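As a starting point, one isolated chain is supplied in structure tokens, in the form predicted on its own.
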């Protein structure tokens, strides 16, 4: 993979192999990377190809470039993991999001649960979601993803997440009170191509919540004999899933 700086660009900004960049990307190119006309960047736009773009004009509010080459890529995991992560304290959710992107997650949904300490008011939600989308974008650039994972537009309940993911091939809830079943105990006739994963907050899921998600077909799974921190559990769970059915 090329070491050129990477950008995700809406397809509407590429017409007849001509690229126009606007917004924060312009400032990043001009003032942070200090690129000039003649330099090259890589761009992906709703496809499986990285486009090599030669900058033609670097202006104060727009950057213009020309597509000079394309390369077919396949960096996404064959396993589509949809993570439902309960809100966690301080910047732990930000950390979870970054690591989840690196581990190939396809979507992340922030959840409010019975034992969540964090409460986000409706007036703060738009700002939080915007921040998380930006983190997903930046992390995708950093680790060389060819797709930016979807961050849900709002904080959801367990029931909402379960309903929206009823169609996934496999549905798992990693729960510290499960003491018999681990991931390798799950025996499937057909290898799953999609999985919905639930991870709780610092205090874990309540027994009532576990009973609720089981009604939606979620299986409880252990992450081992030791109790993992809220920010550690999703990283371990995703790595195990990618190792068994994904691309690790």
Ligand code: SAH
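Predicted model only: the values in this text are computed from it and were never measured. Residue numbers count along the first chain shown, from 1.
The same protein also exists as the form predicted in complex with S-adenosyl-L-homocysteine; that form is not shown, yet it is the one meant from here on.
S-adenosyl-L-homocysteine is not drawn, but in the model of the complex it has a heavy atom within 4.5 Å of residue 199. Residue 217 falls outside the set of residues with a heavy atom inside 4.5 Å of S-adenosyl-L-homocysteine in the model of the complex.
Within this chain, residue 192 is remote from the site of S-adenosyl-L-homocysteine in the model of the complex, having no heavy atom within 4.5 Å. For residue 222, a non-hydrogen atom is located within 4.5 Å of S-adenosyl-L-homocysteine in the model of the complex, even though that partner is not displayed.
Three-residue candidate spot 90, 93 and 118; no residue lies within 4.5 angstroms of S-adenosyl-L-homocysteine in the model of the complex by any non-hydrogen atom. Comment: S-adenosyl-L-homocysteine is not present in this chain, but in the model of the complex one of 138, 169, 176, 76 has a heavy atom within 4.5 Å of it, namely 176.
Annotated contact segment (heavy atom within 4.5 Å of S-adenosyl-L-homocysteine in the model of the complex): 203-211, selected among 184-192, 32-40, 60-68, 203-211.
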